[in-house]
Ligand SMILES: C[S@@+](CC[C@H](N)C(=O)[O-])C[C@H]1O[C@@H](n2cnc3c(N)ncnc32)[C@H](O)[C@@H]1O
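Presented below, as structure tokens, is a lone chain in the form predicted alone.
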């Protein structure tokens, strides 16, 4: 199988499928895997990951690279974090914040198997809670389906994101306001973000994720 580099480190595309180059040659979610030239690849499903969906929709910039330090808000069971772990490689590191203890059990299992991930059981609404556990980060990634998801993102970017660092915000429109059209919600989010941070890219995620979009921003 011939893989084409998708212009981002450790992310590859072959026809309509997306893959990461695994740093540890392990699989966690029954994803398809294969070996090519002694390199272990994992298939990344854009219907299970907003970041993968954004890449398939043509994101021009994501900020992630080998060695990046990442704060992931809303890490859930660890699906997307496990692929970001591959992207940043073992010389990068990721702090994975999750609020639900039940969900975090799966996340902990993945973090124990990975060398570059650590779970943090905390409420991302209150970034001061985990300030003793974090350093400044290169990337803030958020996937939290709450009404105030934009405010949570900006609060954490203000607290932990380095100047010129990148943020990736997955927006679930229906969690903000079910009475408004998603496009109107995205414009509302854009206006709010632009007051504090520079937007460098944006993609709506259909057909992979209904009523979802992803914003890529850079801290001024």
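Residue numbers count along the first chain shown, from 1. Computed from a prediction, not measured in an experiment: that's the story for all the values here.
The same protein also exists as the form predicted together with this ligand; that form is not shown, yet it is the one meant from here on.
Within 4.5 Å, heavy atoms only, one stretch in 87-95, 110-118, 74-82, 131-139 touches this ligand in the model of the complex. Which? Selected range: 74-82.
In the model of the complex, does every one of 57, 70 and 205 come within 4.5 Å of this ligand, counting any heavy atom? No residue of the spot touches this ligand in the model of the complex.
Should residue 174 be counted as a contact of this ligand in the model of the complex, where contact means heavy atoms within 4.5 Å? The answer is no: residue 174 has no heavy atom within 4.5 Å of this ligand.
Using 4.5 Å between non-hydrogen atoms, is residue 122 touching this ligand in the model of the complex? Contact check for residue 122: yes, within 4.5 Å of this ligand in the model of the complex.
Is residue 152 near this ligand? Define near as a heavy atom within 4.5 Å, in the model of the complex. So residue 152 counts as contacting this ligand.
When the contact criterion is heavy atoms within 4.5 Å, does residue 183 count as touching this ligand in the model of the complex? Taking the distances in the model of the complex, the answer for residue 183 is no, it never comes within 4.5 Å of this ligand.
Contacts with this ligand in the model of the complex, stretch 50-66 (heavy atom within 4.5 Å): Stretch hits: a single one, 50.
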